[in-house]
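Take a look at this single chain, the form predicted on its own, given in structure tokens.
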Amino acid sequence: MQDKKSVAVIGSGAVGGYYGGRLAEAGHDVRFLLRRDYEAVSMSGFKITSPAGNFTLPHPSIFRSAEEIGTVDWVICSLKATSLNEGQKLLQPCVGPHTRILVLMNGLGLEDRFAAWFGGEKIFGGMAFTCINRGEPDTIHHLDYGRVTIGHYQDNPNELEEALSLWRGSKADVVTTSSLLKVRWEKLCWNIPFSGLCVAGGGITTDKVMADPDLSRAARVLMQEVIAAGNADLEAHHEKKRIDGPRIIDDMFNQTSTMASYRPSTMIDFVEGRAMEVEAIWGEPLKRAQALKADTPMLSLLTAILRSLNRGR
């Protein structure tokens, strides 16, 4: 492996636990912040099932507070966007002058917040296209896919190489991008229609969306709206790259068709009565679309439905 790095995982749920686990498996010094599941994991470790190979971390380095973790080389932040207001406080004890931060979360505009707190040169965004669910408190089920695309907040190619070097020698599939904003919108091309319709449908799985002609058609229209809004946002930010609409729609539908009965994390939050990441995944894209005069009636309707369902949670 490359040089051993110290890594703090803040938000050790399904995504943070899996990718932090892969780094620990590769020999890095990974320290997991666990508040809810500390006792379960301290007794039996982390168990990860995965098509890339099952593995167990029998004695992971787990901590109840970020202060106990201390300063590290890398922070992987996989908090829910609903906990974003806690982000600065949770990360601050782990961040030193040379610490880099990977924001491995769903939504749009997240890196802006972290850059304001810690400086843009430290910040990376990570988009995980994967099917991962948490099972028992000590178990993570990686079901399919798993590629993570990493971009740098300031699109610095030298920093991208630093990010890529962290993952060499691990079983995680990691690539980099020269446009963080573009891949954020591309991830939303899946999250907005499929996660949103799974919730609006009453807590259904992705295969139900694909099999229902009306819902499948709605997913396609939503995807087209997201692409239009994303390309308008890229233009407004003077980016040269654009989302290839026909290609991304084909890719998203083809990949979703192989997921079988998948439960997106937002749908799980919905059926289990937790607050959903509505503003980060739907609200912020809609806000930008409206500011840029992009025509997004379906996105506006879906966001209103999700906001209504989310009130009081």
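Owing to the predicted nature of the structure, the values given are computational and were not obtained by experimental measurement. Throughout, we count residues from 1 along the sequence that is shown.
This next part talks about the form predicted together with another copy of the chain, which is not shown.
Heavy atoms within 4.5 Å of another copy of the chain in the predicted bound form belong, among the stretches 111-119, 153-161, 234-242, 198-206, to residues of 198-206. The closest heavy atom approach of Arg307 to another copy of the chain in the predicted bound form falls within 4.5 Å.
Although the partner is absent from this view, Met298 contacts another copy of the chain in the predicted bound form, with a non-hydrogen atom inside 4.5 angstroms. Interface residue remark: Asp173 is not counted as part of the site for another copy of the chain in the predicted bound form, having no heavy atom within 4.5 Å. Ala294 falls outside the set of residues with a heavy atom inside 4.5 Å of another copy of the chain in the predicted bound form. Contact with another copy of the chain in the predicted bound form, defined as a heavy atom within 4.5 Å, holds for exactly one of Ile10, Leu23, Ala289, Leu302, namely Leu302. In summary, among the residues Leu215, Leu90, Val72, Val183, the only one with a non-hydrogen atom within 4.5 Å of another copy of the chain in the predicted bound form is Leu215.
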